[in-house]
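What follows is a pair of forms of the same protein chain, given separately as structure tokens and numbered structure 1 and structure 2.
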Structure 1
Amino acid sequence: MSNHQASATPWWLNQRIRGWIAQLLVIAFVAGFFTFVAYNTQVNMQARGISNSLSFFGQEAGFSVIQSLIPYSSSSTYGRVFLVGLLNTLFVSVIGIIFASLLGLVIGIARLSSNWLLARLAGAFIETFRNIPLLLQIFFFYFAVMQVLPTARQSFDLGGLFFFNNRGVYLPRPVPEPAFWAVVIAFVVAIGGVIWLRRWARRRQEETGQPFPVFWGGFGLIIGLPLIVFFLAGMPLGWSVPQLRGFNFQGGLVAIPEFTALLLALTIYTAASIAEIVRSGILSVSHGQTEAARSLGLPNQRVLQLVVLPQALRVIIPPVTSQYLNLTKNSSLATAIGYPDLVSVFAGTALNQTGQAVVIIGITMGVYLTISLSISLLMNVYNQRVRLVER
């Protein structure tokens, strides 16, 4: 009897099928909505005589950009402008993420230090920079710090090699000669050596219980080997030293003030947040773990490195990921001080010169979405690897 009843249940009461139907309806609705918006936009733009195509990508842009990581001139195309802006955005974001992580880690640990002064200083740093809007900090570093530096002709001069002025920070730029390749090869060999060293040290520790200072050994290898090769090859490296010629310094390596100010602001603002995340991660590890590790006779640094941080990381990584995303997205504030990022040169200048608002804003949003999802993906993969493995 019950058997008969179950088979008689009409399909529209079946929970699985109903679930599928509901999902399909939602998808159809969302797709329909976006199709409607896209179609309507197209019709309206045509009705108003606003042309809309991607053909502008091949046209000459005709304006100049102050910083580009790839060759660019005012006769380059809008496609090139897009690449220049994208690379500038990625450049400042990647460097910002690296610096903010390091600074955040140091300050987060300092905040928990038993040294009263150090902990208070870290606390003051965090509270100050986390609670001031980022745009104000960018303006502060740009207008109050970078622009009050002296003019090019009166730059701060460190030994005739380093110059600081309101046009940027000028450093000597290394110019490698052909024999420099040997040094590069030595560096690669040293990295291979470190990997081998790690394995060997682990095996030895498992067999004999003797630890080996892998960090310092590896450090010596990576610095030492290329250095020896460098001297053996007769120091195959020239330097291009910045020199004042005409209006400005020529030669050398320059960090423009727009970049420096933006990087400083992004780094410090994000580091303050990361420091709090690091602190909460460390506090989440039960004190018993620390005590247990100490009772094994491990020194403090090893306790932090082997017991506390690995457990703290699983708490730390997800919120830090969103800080990385924030930093990348916040880099678009660059346009306020003239750093040529994607939003400034592509969604700003290129949009205005071509009038292709819909296409350009669409592409820009797509790019930020892609960058954000990529960071998320990478961090999730990393999270999978470091999270606690339950045995």
Structure 2
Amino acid sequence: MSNHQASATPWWLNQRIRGWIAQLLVIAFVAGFFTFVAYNTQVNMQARGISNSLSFFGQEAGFSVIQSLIPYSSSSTYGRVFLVGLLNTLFVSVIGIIFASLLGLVIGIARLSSNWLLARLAGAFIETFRNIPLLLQIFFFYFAVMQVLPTARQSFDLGGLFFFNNRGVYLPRPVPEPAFWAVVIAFVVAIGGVIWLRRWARRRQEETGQPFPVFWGGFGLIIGLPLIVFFLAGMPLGWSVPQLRGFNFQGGLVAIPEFTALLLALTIYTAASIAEIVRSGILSVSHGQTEAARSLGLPNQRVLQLVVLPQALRVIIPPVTSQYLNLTKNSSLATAIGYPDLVSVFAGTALNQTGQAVVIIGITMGVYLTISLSISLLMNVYNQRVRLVER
């Protein structure tokens, strides 16, 4: 009877058919919209004599860049400009993520401290820097901190190794000698040893119930093995210390004011948010579980490692991933103070000189999308590895 009724139902009243028709109409509408946009853009570009090819990548750029991680001069090509901007963006983003994570972890734990003053200072840090727009913080660190530093001849001197002035921050630069490759190999071997040690310790504990101090064992491998090889190889590492010659410093590493101001702002702004995420993650673990673990005789370190962190990380990692994405995208604000990131030199100067707006903006958007998806992928993989497995 029901089959007879279904066969007698007109197709326009069939819910399944109507659902397929609705989805096809949506797909057709979206495809038509983007086709219209692409066609309209192509027509306008042809009317203005603008090509959409990538041939401009081989043309000479003709402008200089104040910071480059690879060799670059004004006679380099626009393709080189793209690489310089991309590397500068990745450089400030990676260092910012590392510093923001460490600072946010410390501030987040400090806010849970039983010390009244420490907890209030951590709270003041979070509420201050989280509620001030990032662009204003970048301007503050650039104009009110870096630009008012003394000149090179009157630099702040820290032990004759570190110098601070309005031209940047000068640091000693390591200069590896040919035999230093042995230290690098020892470090890689030590990492492999730590991975093996961790697996062996887990298997040993499952078989015998006896824990092994993996942290101290791994720490000894990571530090000890390269250090032994370093001394056996005759300490093949020199240092280039910055020295004042004439009107400026020569040698060493220099962090230009634009980079320093941007890194400070990104680090502090993101760390304030990460600190709150860390605090909420730790508080999400029931206090009763901590007390139960201690009643079994576990020391505080093991309680933190076995009970608190596995559960807190489930809460911490997803929002921290969003903060990493925000930091990477916020690095594009560097163009406000002239730091030569991808937006400044490629989507700014190169676009103005070549007029390839559609191509350059499209490539820039694709680069940021790729970076963000890569960060999300890595953090999701890490989240899967550290998440608490329920039995």
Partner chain sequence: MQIVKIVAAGVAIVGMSVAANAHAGKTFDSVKAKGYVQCGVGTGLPGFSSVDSKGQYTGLDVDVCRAVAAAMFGDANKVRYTPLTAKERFTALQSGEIDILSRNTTWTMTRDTSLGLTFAGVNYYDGQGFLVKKSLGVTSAKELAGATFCIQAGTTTELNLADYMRSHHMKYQAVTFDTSDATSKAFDNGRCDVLTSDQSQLYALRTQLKNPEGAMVLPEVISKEPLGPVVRSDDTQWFNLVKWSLFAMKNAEWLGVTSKNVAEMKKSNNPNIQRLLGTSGEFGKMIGVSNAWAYDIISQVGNYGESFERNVGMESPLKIKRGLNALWTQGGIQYAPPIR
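By rigid core we mean the largest C-alpha set that fits within 1.5 Å across both forms. The first residue in the sequence of structure 1 is number 1, and each one after it adds one. Just so we're clear, the structure is a prediction, and the values are computed from it rather than from any experiment.
#### Entry: Identity of the form predicted on its own among structures 1 and 2
It is the second structure (the form predicted on its own) rather than the first.
#### Entry: Core-superposed C-alpha of N352 shifting 2 Å or more between structures 1 and 2
Result for N352: no, shift under 2 Å.
### Query
Relative to the superposed rigid core, does the CA atom of V315 travel 2 Å or more between structures 1 and 2?
Stays below the 2 Å threshold, so no.
### Query
Hey, does G297 budge by 2 Å or more at the Cα between structures 1 and 2 once the core is superposed?
Yes: G297 shifts by at least 2 Å between structures 1 and 2.
#### Entry: Core-aligned Cα shift of F247 between structures 1 and 2, given in Å
Here the C-alpha difference is 4.3 Å.
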